[in-house]
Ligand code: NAD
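First comes one chain, alone, set out as structure tokens in the form predicted on its own.
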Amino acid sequence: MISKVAVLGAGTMGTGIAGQLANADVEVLLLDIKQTGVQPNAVAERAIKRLQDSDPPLLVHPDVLTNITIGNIDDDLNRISSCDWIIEAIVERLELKRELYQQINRYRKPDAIVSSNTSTIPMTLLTQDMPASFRQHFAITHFFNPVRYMRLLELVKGDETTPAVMETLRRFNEEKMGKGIVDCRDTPGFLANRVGVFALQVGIDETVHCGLNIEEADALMGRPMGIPKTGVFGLYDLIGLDLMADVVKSLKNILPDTDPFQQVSNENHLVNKLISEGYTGLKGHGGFYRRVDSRRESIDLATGQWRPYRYTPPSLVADDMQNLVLLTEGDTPQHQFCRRVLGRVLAYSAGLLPEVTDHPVPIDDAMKLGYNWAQGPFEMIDAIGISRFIHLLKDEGIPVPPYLAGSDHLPCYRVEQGQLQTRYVDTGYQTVRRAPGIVRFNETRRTLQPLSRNASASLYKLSEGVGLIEFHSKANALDGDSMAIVEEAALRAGDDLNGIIVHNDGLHFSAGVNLHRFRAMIEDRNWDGIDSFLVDFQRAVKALKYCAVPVIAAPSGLTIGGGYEVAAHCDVVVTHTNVVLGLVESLVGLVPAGGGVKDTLFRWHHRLGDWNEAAQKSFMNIGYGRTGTSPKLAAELAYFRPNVDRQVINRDRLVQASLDLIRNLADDYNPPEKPTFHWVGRGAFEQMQDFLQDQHSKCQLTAHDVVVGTEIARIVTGGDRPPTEISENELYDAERMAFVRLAKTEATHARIIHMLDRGQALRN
């Protein structure tokens, strides 16, 4: 059992590990080298400051910092004697690690586990001079940065590590730290970095080879391939050019000369030049991209000179949604880039079998959990088609790996008798098995046929008789098709379904309603179309709220705007710890109109027992577009109900937790009663108007902020009318009418354009 952990090393990784332990309410001792002078713990103190100031936040709430105690290795190492797990996260220098292990062994209790966060130094070298008792309790635990958000933990067992140690680490990190565990052999770079760094190097190599600019390369080797939108050069800037140069050099030194990585590992003179001039990425003056005043500039790979940023959507894809076959079939330099990148990277991944693993799942998991790829390499090969992919390799002169060459064109995955199976190197197909309670719906989905499906959403029936609504549009933005599936699920409740879960495996649950659709309707002056959409949206969430069976929302990531409104109309929200909950419509000059204002008002009244206070709280929440970046922070805004809703630190447990809850609720379930509301009337409305004008006079709010704020105030108070008891439907109507009024303003139109075209809120 692990109840107290020591983290030795307060750099980026050590700080992140300590922060996530604190998020899990685990007691942490964070130590680094001693500083001379009056602040011996200065390094660890700076780490705490980074945790406090991080963006995105590395802590679920400022209060969790009380779980961390700091010190320095010289004065405080003896304090590790009370720790159950000691994590070494110092610099990648073997001699320093070995020296530290000797000191650790002097103080650690006999059954304490010791692990290293190394990604480059073999286990045998790390523990070469240590006694057997130390080696038996030693493992490699390779976390990924930022530790709160990156789900992967690569776990490496030594020859002498006991099974009990590995099981303890596996269970603790999966259940308490929220990690997806991938067991790795002690091979260079393990799995994720072995493939991920190779992919980045190939991306740079093929950008030059195919004559593309860096914007084109990032646009192609991003969402169209199911890779995060940073692409190649954007990810280099995010990680840091100097750090990437060190990682590439380390892998070059430890991989054999015959490894294809050696072909893309030579020093890059442009990268060295940028680093020497302080262009180390986002943490420096910039990297491959930089900002000069308000202008964005890019580096020209051919000349090494800066030029204006120029992005043109790739002509070979109609959208940035994934279609790998479309990317590879054509004669343009862009098609050639996609063929070469996919061919080299996926072939390299397949060539690692059986050296690093006997089957595709660990490599696919590593890339999805550690690099946020939508699909793993072998899933991508299946998406292209084995036969087509082998022809692609032969056409491009890329060697066909034995795993594919000897496959008789059998897929890497298949569904057999309702079970997802993967093909092992020597033993054929075996069922993909996960730990108890772990459900990844993108795997479950492959074994099911949808009850109903359209372009934006699907409805499935799980084996337990529970329906699952999955959004799958771009960014899971909601449109009429999305809400049609929501309404259909609610109407099937009780007959076909004994419960409903709203969930998807996307990076985000939903970023809200599709703004592109509203922009088009505004520009067409289609006010009836906007009103009709809102009527349909409201009808769908009402049906969800009052249907005959328990309804659970199981979100992670962005759950904002309309996405939050869907979740808010469910009986319970079972949310991942890394969630963003809230209503942000005011930022684009609109108001929530899917019951968001109504529900916020009801929640605040339920908490405070006073309609006037509830109106004030709702006005401030929605007017400022406030969000909570964790359940605990969202609870402070009434978007999360601690006595009703649940949180899960491992997102792979959301579905099972929801199923368990439905089982508990189903026997004596009754839909909620329709509430009544109170408009507090003219006095409160005038107070809110005075506040808006005061803030405008102090330049804290813009002119259009006042317009939007006035509409919010009118919804929550009733405006100029006297205090009145009203129905839920009257609040829905008030939201909808305010939304349409704002949609007709030029200032709202300008805000929507600015957000869609520039990705930023306009202050007008």
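Just count from 1 along the sequence shown to find any residue number. Just so it is clear, the structure is predicted and the values come from calculations on it, not from any experiment.
Just so it is clear, the following notes concern the form predicted in complex with the ligand, a form of the same protein that is not shown.
- Residue-level contacts in the predicted complex: of 503, 142, 653, 194, one residue has a heavy atom within 4.5 Å of the ligand, and it is 142.
- A heavy atom within 4.5 Å of the ligand in the predicted complex is found for exactly one of 129, 524, 92, 395: 92.
- Note on the interface: of 729 to 737, 54 to 62, 716 to 724, 27 to 35, the segment with non-hydrogen atoms within 4.5 angstroms of the ligand in the predicted complex is 27 to 35.
- Contact between residue 68 and the ligand in the predicted complex is not found at the 4.5 Å heavy atom cutoff.
- With a 4.5 Å cutoff on heavy atoms, residue 97 counts as touching the ligand in the predicted complex.
- In the predicted complex, the ligand sits within 4.5 Å of a heavy atom belonging to residue 73.
- The ligand is not drawn, but in the predicted complex it has no heavy atom within 4.5 Å of residue 425.
- Interface residues of 107 to 136, taken as those with a heavy atom within 4.5 Å of the ligand in the predicted complex (partner not displayed): 117, 118, 119, in sequence order.
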